[in-house]
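Listed next as C-alpha cells: two forms of one protein chain, kept apart as structure 1 and structure 2.
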Structure 1
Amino acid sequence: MIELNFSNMMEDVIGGNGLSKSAVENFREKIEGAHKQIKDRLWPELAFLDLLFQDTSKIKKIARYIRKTSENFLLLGIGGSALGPKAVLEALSPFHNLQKKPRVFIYDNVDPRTLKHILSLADLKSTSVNVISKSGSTAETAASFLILWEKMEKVLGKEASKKFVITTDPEKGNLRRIIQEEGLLSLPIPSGVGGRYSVLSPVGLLLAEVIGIKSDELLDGAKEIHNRCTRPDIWKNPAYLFGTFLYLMEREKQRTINVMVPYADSLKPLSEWFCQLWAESLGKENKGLTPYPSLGTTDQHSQLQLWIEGPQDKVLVFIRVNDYGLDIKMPAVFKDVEGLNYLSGHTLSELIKAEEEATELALAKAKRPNMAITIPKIDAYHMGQLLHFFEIATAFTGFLYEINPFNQPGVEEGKNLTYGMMGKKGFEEKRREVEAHRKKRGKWKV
C-alpha cells in the first residue's frame, strides 16, 4: 500500500513557504465539486476508472500466441501509446533485451536511424508487431506501420498479417477499418479512454503479458488503491491530497514546476509517463503545471543545486522504495582511506535510502516544499497502484483548475502544418504558410 507523506509541504515544518491545514480546508467546496465529477462520472473520459474490471482473457490469449511464435515484440506507438508500456517494461523487467525473450522494441518516433537499427536487430521472420493508436490516424504511428507492413510482407508473404496486433478504438478510425479488411488480430481501447489514461487498458497490459508480467496483478494493485483515491474526505485520500497540494502551491505560492524524483533507475520511465499525463492534461488556457522527470540519486548531481538554491518555483515529489528486493554490501577494502571506509559494512539500499531522506531534509531546511510517496516494493501490484493513483490525481487536479483534463487542442496546429508539408489533401494552405515563414526565418541567424 502506497503512502503519501506531505509533512515537508506544511508551514509547521517549513515555515512561510508551506501550507496550513486551514488553507486546504478553505478549498473544501472546490474539492467537493471535483470529487462529485469523479463520483458521478460526469465525463465519459472517466471510463479509465472502469478499466480495473475489464475482461483480460483476449489480452492473455494474444500474449501467449506472441510468446510462442516470436523472438521480438515491436511496439509502434507514440505519447500515451508508448509511455505507459515503457514504464511497465522498465520497472518490471529492467535490462530486458539483454536477458529475456521476446526482446521488446518500442518505436515511438519517426527517427530513421532508430528504425534502421531496430530492423537490423530484429529478424522480422520471428517478430510480432503491436500497432497502437486510439484515433487510428497518428502520423508517426501510421508512418512506421506502413513501413513494417511492407517489410513483413516481403519476409513472410501472406503469413505477415497474422503477426500484427492492432490496439485501437473499438469501432472507429483507419486502423479499425484495416483490421476488418485484412482480418487482423486486435484489441480495443474503450471509447471513453484517452491515450494518456490508457496504460491499464490493452495498451499496457498486452506488453505486460508478453514480457511475463501478470496483468491481473497490475489491476489488483489498482483496485486496492481505487477506493482510497475516490474517498470524499480529502485527508484520507492520497490522490486528492496530491492534486490539491500541487494546485495550491501553484495558485498561492507561484510554484509552477513539479519535479518527480523516483529513487530507482527502473522508475525513470514512470516519471516520463507521469509527465505526459500531467502536462497534456493540465497545460491549457494559459494555466497548468510543468512536470519534470527526474531520478534519484543521479540527479542530486545534476538538478539538486537548482532545486535548493535556484528560483522558488518548484515542488519536489520523491518516490521512495522500502524494499529493493535484493541488496549488495560494501566490503571493507581500502580500510585506511577515510574518505571511503565509512561506507564499508553498509549496503547500497541503506545508502540510497539515506540519500533520499537527506535530500528531503536538506530541501526542507532550505524551506523548499517537497512530498514523498513510499511504495513497499517495485512489482506489478504496486506499479498498478502508482499508475491508477496518478491518473485519478490528474483528472481531479484538472477539475480544480476548471479545465478539461482529457483533451489536447493545442497540438492540432502543428499536425495541420505537417499535413500541409506532407501533401495531405485539404491542407495546401498550411503548406504555403510554412513556405512563407521560411522566408521570414532567413533573417536572424548565425
Structure 2
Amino acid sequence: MIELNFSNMMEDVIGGNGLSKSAVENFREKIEGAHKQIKDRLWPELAFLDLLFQDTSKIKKIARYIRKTSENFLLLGIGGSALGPKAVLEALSPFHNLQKKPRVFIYDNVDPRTLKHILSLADLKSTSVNVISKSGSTAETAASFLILWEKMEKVLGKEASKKFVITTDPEKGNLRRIIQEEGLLSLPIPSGVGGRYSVLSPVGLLLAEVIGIKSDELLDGAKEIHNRCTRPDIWKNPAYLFGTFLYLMEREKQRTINVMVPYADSLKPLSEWFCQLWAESLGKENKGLTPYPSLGTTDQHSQLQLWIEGPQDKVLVFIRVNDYGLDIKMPAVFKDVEGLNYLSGHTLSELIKAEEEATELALAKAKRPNMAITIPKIDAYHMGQLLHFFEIATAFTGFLYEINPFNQPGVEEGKNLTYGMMGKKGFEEKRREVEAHRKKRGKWKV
C-alpha cells in the first residue's frame, strides 16, 4: 500500500513556511463539500471511478491476437492517450524494445522526423497499430492515422484493416464511423471518461496486456487504494490530504509550483503524465497550480540549488521506492582513496534512498515544504494504486478550487485555430483570425 508522509509540510517541522493542523481543520467545511461531489457522483466525468470494475476480457483477447501476429505495436495518440500508456510501459517494462516483442513505438506528436525513424525501424507487415482518440477528431492523431492507413494498405492490401485497433468513444465520432465502415477491431473509452483520466481504461490496459503486464493487477491495486482515497475523514485519506496541502500552500503561502520527483528512472514518465493531469485539470479561471516533472537523484545536480535557495514558490513531492527488486553492491576497490572508499560495501539502493532522504532533510532545514509518497515496489499492483491516487486527488483539488476539473476550454481554442489554418470546414472565421494576427506579428522581429 502506498503511503503519504506530509511531515515536512507541517509548521511544527519547518516553521512558518508550513501549515498548522488547525489550518486544515478550519478548512474542513470546504473539504467536506468537495468530498460530497465525489461521494454523490455529481459529475458524469467521475466515471473514471467505475473503470476499476470493468470487464477486461476483450482487451486480453485483442492483446493475445496482437502478440501472436505482430512484432511491432505502434500506438498513435496524444495527451493522456499517450502519456498514460507511456507511464505504464516505462515503469513496468524498462528498455522493453531491447528485450521483448512486440516492440512498442508511441507516436504522440506530428514531428515528421520521428515518424520517419519509427517507420524505418518497424516493418509494417508485422505491425499492429492502436489509434487512440476519444473524440475521433484530434488533429495530430488523425494525421498520423491517415498516413499509417495509406502505408499499411500499400504493404498489406485488404489485410491492412486487420492490423488496426481503434480506441475511441463507444457510440460517436469520426473513428467510430470508420470502425463500422471498415470492420475494424475497436475498444471503447467509456462515456464520461476524459483522456487524462483514461489510463486505467483500454487506453492503458491494452498496451499493458500487449507487453505482458496483467491489466487485472493494475485494477486490483487501484481497487485497494480506492476506499482509502474516498474516505470522508481528511486525516485518513491520502488523496484528500495531498490535494488539500497543495491547495492551502498556494492560497496561504503563494506556493504555486509543484515539483514531482520520483526516485526511479522508470517513473519519470509517470511524473510527466501527472503534469498533464494536474495542469489541464486545474489551470483555468485564473486559478490552478503549475506542475513540472523532475527526477531524483539526477536533478539534485541540476535543480536542487533552485529548490533550496531560489524563489519561495514551490512544493516538492517525492516518490520513494522501498524495494527496487534487485540491487548492486559497490566493490571494495581503490581502498586508499578517501573520497571513494566510504562507498565500498554499500549498495546502489542504499545510496539512492540516502540521497532522497538527505534531499528531504536539506529542504526541511531550509524551511522549504515537501512531502513524500512511498511505494513498496514498482509493479503493476502499486502502479495501479499510484495512478488512481493521483486521479482522485486531482478531481478533489479541482472541487476545492470550485472549477470543472474535467474540461479544457483553453485547449479548444488552439484546436479551433489549427482547424482553420488547415482548412477544416466550418472554421473559416478562425482562419481569418490567424491571417490577421500574422500581419500584426510580422511587425516586431529582428
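Sequence positions of structure 1, starting at 1, serve as the residue numbers. The term rigid core refers to the maximal set of C-alpha atoms that superpose within 1.5 Å between the two forms. The model shown is predicted, which means the values in this text are computed figures rather than measured ones. Residues that one form lacks are left out of the comparison.
> 1 or 2: which is the form predicted in complex with another copy of the chain?
The form predicted in complex with another copy of the chain is the one given as structure 1; the other form is structure 2.
> Would you tell me if Glu433 moves between structure 1 and structure 2 by 2 Å or more at its C-alpha, with the rigid core held superposed?
Yes, the C-alpha position differs by at least 2 Å between structure 1 and structure 2.
> Superposing on the rigid core, where do three or more consecutive Cα atoms all move 2 Å or more between structure 1 and structure 2?
Shifted run of three or more residues, which all move 2 Å or more: only 426 to 446.
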